[in-house]
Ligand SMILES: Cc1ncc(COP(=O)(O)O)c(C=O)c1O
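Encoded as structure tokens, the following chain is the form predicted on its own, with no partner shown.
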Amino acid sequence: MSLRFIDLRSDTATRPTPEMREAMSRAEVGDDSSGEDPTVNALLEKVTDIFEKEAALFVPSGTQANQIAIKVYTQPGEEVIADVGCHPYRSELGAAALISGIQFSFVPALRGVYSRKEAEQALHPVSERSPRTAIIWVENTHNAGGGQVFPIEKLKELRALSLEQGIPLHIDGARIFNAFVASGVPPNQWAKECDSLNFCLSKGLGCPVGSILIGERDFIREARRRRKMLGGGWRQAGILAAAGLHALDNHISRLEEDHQNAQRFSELVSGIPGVRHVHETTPTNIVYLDVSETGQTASSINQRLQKNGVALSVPGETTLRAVTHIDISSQEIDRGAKALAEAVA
């Protein structure tokens, strides 16, 4: 009997569980572009209850949710305050510049976390020479920061600044439920400290596709128009929305298991010669490893790993990333760590 392939490249690598597939097969459907899909509407109602926001929008991806938010809030030539590792800058092919014509104003940050003071220093006074600051951007949890949770107290300070300056604060919360499980801060408290927020159903929650954008009614009304503009209008999307409903009911608390598996993986690989951790801690489900001291490239190590039925992602020439998720057991974590040691050796 062959062993199952261990895919640690991302928590987007999950497959729908049998129970999720069953829920999808029973979904009522309609035309969501006309607001007539009952299962999509049920998903949006559930989300607005959880986050205590006025309205929500179902979109195909987190990247589209981010780009819609930027498009709604900005005019060409304006700026978004963010850290240099933020997803819209690092992993969305320059879409914000192409689609919305904006630029980023980067603030000093540690694993994606920055302070009110640092944001204040990035603000431009209104003048004929400076671009207007249009958004304060926060990523929670932070992908490039190794799954770092943005501290709620720092977020409250940024929120106070955004209200004082009249600048919207947006949370790219692709993994916001990982932040909830790790910190104990409930979703509505994160949502209280921002104007809008998005999260992915297709990452830790294990759905095949989809993200949710949340905000006030007027924001979502305009976001719906921008979704259509960007080719994201759904038809009978209830089949996908049913997966989201099932995940919200059944897959949130189990994220703690992913966090424990990531911590276990982090500990098991810490003794491999030439392999060191990029970050000192593993708060949630993401582990970055620096393999430069092995004298090998991350790609060559990963190629040997895949021959042994394990895959990590390769975000840099000497960097590997492992992301735990619903399809990975603790036994497979052990096998993955052992395979990495053999691949390095």
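All residue numbers refer to positions in the sequence shown, first residue = 1. Worth saying up front: this structure is predicted, and the values here are computed from it rather than measured.
What follows is about the form predicted together with the named molecule, which we do not show.
Stretch 139-147 is the answer when you ask which of 69-77, 218-226, 153-161, 139-147 has residues with heavy atoms within 4.5 Å of the named molecule in the predicted complex. The shortest heavy atom separation between Arg116 and the named molecule in the predicted complex exceeds 4.5 Å. Remark: Glu92 counts among the residues lining the named molecule in the predicted complex, judged by a heavy atom distance of 4.5 Å or less.
By the criterion of a heavy atom within 4.5 Å, His246 is excluded from the residues contacting the named molecule in the predicted complex. Under a 4.5 angstroms non-hydrogen atom cutoff, the named molecule in the predicted complex has Lys203 among its neighbouring residues.
Of the candidates Thr63, Gln306, Ser313, Thr318, Thr63 is the one whose heavy atoms come within 4.5 Å of the named molecule in the predicted complex; the others do not.
Interface residue among Ile214, Ala241, Ala174, Ile81 relative to the named molecule in the predicted complex, by the heavy atom within 4.5 Å criterion: Ala174.
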